[in-house]
Structure formats: C-alpha cells, structure tokens
Ligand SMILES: Cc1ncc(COP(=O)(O)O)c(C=O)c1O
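Below, in structure tokens: the form predicted alone, a single chain.
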C-alpha cells in the first residue's frame, strides 16, 4: 500500500461534489441537444426561463461602475466599515432585533457557517442539524474537528418536529454543556420548509427554560438565512427575528447571511455572520473571534462585492430598484413552485412540506437509481440521502409543470 503524505484526518476521497458533478453532466447534455430539450434542476442559482443565470441589473449596474481600486484593494480583515454597517440592514431590514448587533464579512453564507462551527462548538462536539440538511454542514464540521448529530426535521403532521428537536437538543446539552444548533429557515435547503412564528416561539421558550436550569450551559443558535430574500411577501419572512430576543445571557443567536444568493453574487462570494447578542461584552467577543478566524483562513473578503452592497443599501433610489427586481424574481420563483406543487398533487407525488425557496424535496428510496433513471430522460436532479432535490429556481414554469409526473414515473419504475 502506498504511503500517504497527508495526515490521517486529511485523507479524502477524490472526486467532485455530487451536485456539481450532475450539474456538469447536464451542461454537457445541453451542449449536445440544446437547453430546450433538457431539464436541469440541480444548482441552487436563479435562472431565467431560457436557462441563463440571472444577474440583477440593479446590482451589476453598480458593480460595473466601481473604480478599479475597489476591485484591487484589500477590504480589511473584518470587512469594510460601510459594509459592516449596511449589511445589518440587508440582513434584518426593518426587523432588527433589540440586541447588541455585530457583523463580520464572510465569503458567502458558507463562511458564516464555518465561523459559527469553529468558534461556538468545541473540538469533537456535536453540532445539531436536521436530517434533511445542506450537506456541507457535515463537511465544514468534519474539516474543523467537529461532528454533527441529526434530528428528524418533520413531525407526523408535516410541521417542524419540536419533540424530536428538543429531545436531541437536551441530550447534547446534558453531555456537552454547550450546543450549537443550525436551523435553516425560512426557505430551507433542501425542502423549502419555513418555521412558523409559533414554532419559533416554542423554541425560544425551551431555550429559556434550559438556560435557566444551569448558568454554565451555553446555547447557540445559528439561523442560516441564505434564501430569506426569496421567501414570504414583503418582510414577513423576517418576523421571527424579533421573536428570538429577550433570552438569558447564556443564549446567543447568530445569523448566516448570504449576499451570494440575495444579490445574485454567487461567484463574488459575499456574505456575513451577524450576532444578536444579549450583552455588549458577548457581541465584542463575537466580533473579535470571527475577525481572527477571517485572518486565519481567507484573510479578507471581496472588496468590490462589499462596496456594491453598501452603495445599494445606502442609496434610497438604488435600494428601491434592487428590492423591486428582487421582488420580481421572488414572484417568478413562487409561481414556478406553485406550478410544481399543483402538478405534484395531480400526479399523486409525495413531497416534503414546502413553503418557500429555491428547492423542493421528494422523499423516496434508492435515490441515486431514481436520479439515474431520470437522467436517461434528460432530466437532471440531485439525489440526497432521504430523497431527491428539485430546484424550481433553475427551471421554467413550464418545466415545473411536467417534472412531477416524470419523477413519479421514475420512482415507480425503480422502486415498484
């Protein structure tokens, strides 16, 4: 056996991320037979009805007119001062919590997740996540010497599984005395579920109860809000932010904000981790730890992306144009999702509870075999552990209408 040069914990399997691999297959097929003959429901990026990546005019009209020094210069370790001020509005809008707010720039929401796991879960601790989840949570935890523990996301009645969550949460808290849990809502990836205000209220009450049991407990919640700007109507998707306040000092709420998604800046890697801390000292501790983590990993973020967001938010006219364009595509996305849901009902296709967002999931067995069957029909979809992930963000409304029947047929062919 050949000797390995990397350390034991760094031995990895070669190969592409499975989502990007299937997406690459779809792109190859499109080149062969034309995009009108392929359904590519793989990547989580907004596409127009012709299959072209959406890049907001309101964003890139600003970006394209920046001085070249904004592209070339360093942004500062924690982010530019303007960005750190304006990303607070971008995250919370008019639902800013009554708390001590700090922000640190990160490369997309991924960087925010990384900092939360690295700084708020101890080495070898378990991070609590749902069974339906974004796979890189596990990758990030593993890369940083942490582990994940999954709880069942859905209850029998199709809501958030409060009983399952509290059971797993309490067990970890008893064992570790510290729990970081990640809840991706609204517009959960991969199911499109959004917690109700009542579910958030129940979670808050449980945190308060447990925190008051032992002042040495440390309870940290990371709200992954990567898709929040494509959820709800107006600012309704942000209503929960004011629910998650007024808790004991040993409870901390963090937010992973992604301008990569909300501003169609996927490749520019722009986002932030924000805290809504109960005290000034905890907020300052957060900012110092996350800025240090920036320096120790990617040093600093993309200056031009930060400046673009800052200029849009700070200017009433630019912000109004941006929010109008964002709303336009939110409406398009919601129309596509409705077309899929209606067709799924007609086809008697079981789906996970969906509220909003880029993705809809279909529970099934033998997911890779079903995916491969669909590929023979020039339909490309993502196979997960518990089912399939369909991306209405990436396909037309017409394709959303025909997809459920094709998925149902593939499941029946593979699984009987």
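Numbering follows the first chain given and starts at 1. Everything numeric in this text was worked out from a predicted model, so none of it was measured.
What follows is about the form predicted in complex with this ligand, which we do not show.
Student: Only one of 183 to 191, 199 to 207, 117 to 125, 76 to 84 has heavy atoms within 4.5 Å of this ligand in the model of the complex; I'd like to know which.
Tutor: After filtering at 4.5 Å, what remains is 183 to 191.
Student: Would this ligand in the model of the complex be within 4.5 angstroms of a non-hydrogen atom of every residue among 108, 258 and 261?
Tutor: Yes, each of 108, 258 and 261 comes within 4.5 Å of this ligand in the model of the complex.
Student: Could you tell me if residue 218 has a non-hydrogen atom within 4.5 Å of this ligand in the model of the complex?
Tutor: It does not: once this ligand is placed as it appears in the model of the complex, residue 218 has no heavy atom within 4.5 Å of it.
Student: Does this ligand get within 4.5 angstroms of any non-hydrogen atom of residue 229 in the model of the complex?
Tutor: Flag for residue 229 set to no.
Student: Is it the case that residue 132, even though its partner is missing from this view, gets within 4.5 Å of this ligand in the model of the complex, heavy atoms only?
Tutor: Looking in the model of the complex, residue contacts with this ligand do not include residue 132, since no heavy atom lies within 4.5 Å.
Student: Is there a heavy atom of residue 169 no more than 4.5 Å from a heavy atom of this ligand in the model of the complex?
Tutor: It does not: once this ligand is placed as it appears in the model of the complex, residue 169 has no heavy atom within 4.5 Å of it.
Student: Looking at 137, 92, 240, 165, which has any heavy atom no more than 4.5 Å from this ligand in the model of the complex?
Tutor: So the residue touching this ligand in the model of the complex, by this definition, is 137.
Student: Only one of 149, 336, 269, 303 comes within 4.5 Å of this ligand in the model of the complex by heavy atoms, so just point that one out.
Tutor: If I apply the 4.5 Å criterion carefully, the residue I get is 269.
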